[in-house]
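One chain comes next, on its own, written as structure tokens: the form predicted on its own.
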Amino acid sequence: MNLHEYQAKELLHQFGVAVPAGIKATSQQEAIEAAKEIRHDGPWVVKAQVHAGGRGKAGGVKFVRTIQDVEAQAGRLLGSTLHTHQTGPEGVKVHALLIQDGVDIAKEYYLSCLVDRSKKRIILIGSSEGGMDIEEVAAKTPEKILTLVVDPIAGVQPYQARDMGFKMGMGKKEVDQFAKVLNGVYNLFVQKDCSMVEINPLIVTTDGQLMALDAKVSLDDNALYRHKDTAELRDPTQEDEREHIAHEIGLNYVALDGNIGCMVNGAGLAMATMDVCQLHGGEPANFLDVGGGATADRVARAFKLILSSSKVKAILVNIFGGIVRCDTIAEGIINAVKEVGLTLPVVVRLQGTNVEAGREMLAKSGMNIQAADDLTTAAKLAVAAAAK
């Protein structure tokens, strides 16, 4: 789950990381009041709050010096659709702004925290090249990327923070502050079950203060049950509507651009199903994992979710009946097809417990359902059906 910048900064502040004064605004009047509360006169920065990078290049971040400019930029951005390199052509709607103090910048750094699965450790990444795309820095000047692997028992040690700070080109005053920032970021990551914390840029102001000028925080969805306070920070307006509905009913769904709707039980099997579809010339319309305990009701909801996309021309169901029996799944598929009045072709590959009974039920249903014995055959049938 992604957070907005203002939410990420609130969390960082809770963990002792300095951030510029900033206030969320959802109207022009709120933007004006926020600017006046932050300081008597400019400058300020008006920042669109969307779940996408590249806001500055897309016109979503503006440096302003007068209250009139704050009002004008707020009016321009609120309710508009912002298009960045991460949003795609459809863009995302701007519903909120962050009005931030326009601090004077002396130097910019980069800092992030994430899990390195190959090392099975949390790592901290730092660079002297803040404000730039870290991927570009890694590609052109990899020596400027520093990595600190954190021992899960010892945590971040003071000598490690000092070593990284000095290697990033900081002076002693900045390094002392950097140690506090590093610990704050690491503690936030661990205590709030994050999947990523990124500060870009981490700045030194002209008066020598280290603070997070911009921040991104992503939370692990699987751990949200432990953090009701952060779970409430979800902004459904920034998510695909179908993905939000899936989240609410407990399905794992990601919208894609193809025309073959896929319904599978198990994330790994779902990925394999999409790969086989593409191998045989098809394009999946979605990733959809109904889970190991797929019930007739969940299958019906999954069908409705798939059909909410007008791009879908055929549906491929790939179920391995282990925890749940194949005849139960077959019953759910038949009931779902009846309930939603489905007219699109459906290809079903069942395998596992009570598979023969399940296939017999599908064959006798009298509906536009094709059964397949294996995934390759099922994928070919679905690709052919979607092409008609």
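Please read all numbers here as calculations on a predicted model, not as lab measurements. We number the residues from 1 along the sequence you see.
The form predicted in complex with a small molecule exists for this protein as well; it is not shown, and the discussion that follows is about that form.
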Contact with the small molecule in the predicted bound form for Leu342, defined as at least one heavy atom pair within 4.5 Å: yes or no?
no
Since only the chain is shown here, I'm wondering whether Val45 would be in contact with the small molecule in the predicted bound form (any heavy atom pair within 4.5 Å).
yes
Is there a heavy atom of Pro201 no more than 4.5 Å from a heavy atom of the small molecule in the predicted bound form?
yes
Please tell me whether any heavy atom belonging to Ala357 falls inside 4.5 Å of a heavy atom of the small molecule, as the geometry stands in the predicted bound form.
no
Using heavy atoms and a 4.5 Å cut-off, decide whether Gly102, Glu108 and Asp214 all contact the small molecule in the predicted bound form.
yes
Within 4.5 Å of the small molecule in the predicted bound form by heavy atoms, the stretch out of 58-66, 357-365, 24-32, 334-342 is 58-66
Go through Gly131, Gly91, Gly258, Gly291 and name the one with a heavy atom inside 4.5 Å of the small molecule in the predicted bound form.
Gly131
